[in-house]
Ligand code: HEC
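Coming up is one lone chain in structure tokens, specifically the form predicted alone.
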């Protein structure tokens, strides 16, 4: 029988050998992260999609972004599509870009109070921003969407944040929006040309309020978040021409209108710390200028539960 010391020594040697074998790979990954040059990096575009089975999945994911309600009418039940917010096929830095999203998940999300996967984040978009229903995580459609996000995140090291990552450009938190000024601006700044006089949207242009628009649980219902999107991307004919104050006033006007409810919203930010402009009650946070709410047709389908714990006993 071998001595216990000999066994321990052998185990140590084996462990050291494994560490030595893994070291080059770890070193290569670290070197890649350090050497990443964001200024020189360019995301893949449609023309770069390969003509193979993987390319077919990537292309389907891209088209789902562009034609969401037409492709998934049971899940995107309004008139918004993914590219309504994630403009230029999710590549525009000022419009909540999807580039690098595949390298940032799983991640902790304060609104959920949990670490979530990218598929769950996609479903938050479907249930909140599109005011629709969650896509089955194992579906081909979800896989295609994730394939496209991986494609436009190629060569971005895991954990790296690039320009525009995690949402929209921050705006001054000292500004307040005025609904009356925003209403006047809505006509004066030609918003009605695309969105219609009653905000219903013209053709594929998204509805800004009403039953076909984004839900109260979407980030766009926050005064500052909507102001950022408006300031940097609107109007489409002259983006960037509005002042920050004008953007806040338009945001206040748009978000004062009725919109779909977001079932389960009272459970958001379970640890507290909700941003001050969240328009509904959460833990320790009173609603900020809550708009009138429209009842959802399928409340259960609009819920995205946190990842379940399966390692505990069920006694």
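Residue numbers count along the first chain shown, from 1. Values in this document were obtained by computation on a predicted structure and should not be read as measured data.
The discussion below concerns the form predicted together with heme C (HEC), not included here.
- This chain is displayed alone, yet in the predicted complex one of 175, 118, 162, 150 has a heavy atom within 4.5 Å of heme C (HEC); that residue is 118.
- Put simply, of 198, 71, 143, 190 only one has a heavy atom within 4.5 Å of heme C (HEC) in the predicted complex, and it is 190.
- Taken together, the three residues 80, 207 and 235 all come within 4.5 Å of heme C (HEC) in the predicted complex, as judged by their closest heavy atom.
- In summary, the region of this chain contacting heme C (HEC) in the predicted complex, judged by heavy atoms within 4.5 Å and restricted to 261 to 269, 37 to 45, 63 to 71, 284 to 292, corresponds to 63 to 71.
- Contact check for residue 86: a non-hydrogen atom falls within 4.5 Å of heme C (HEC) in the predicted complex.
- Heme C (HEC) is not drawn, but in the predicted complex it has no heavy atom within 4.5 Å of residue 240.
- With a 4.5 Å cutoff on heavy atoms, residue 157 does not count as touching heme C (HEC) in the predicted complex; it lies far away.
- Heme C (HEC) in the predicted complex is approached by residue 167, whose closest heavy atom lies within 4.5 angstroms of it.
- Contacts to heme C (HEC) in the predicted complex (heavy atom within 4.5 Å) from stretch 94 to 124: 96, 98, 101, 104, 105, 107, 118, 121, 122.
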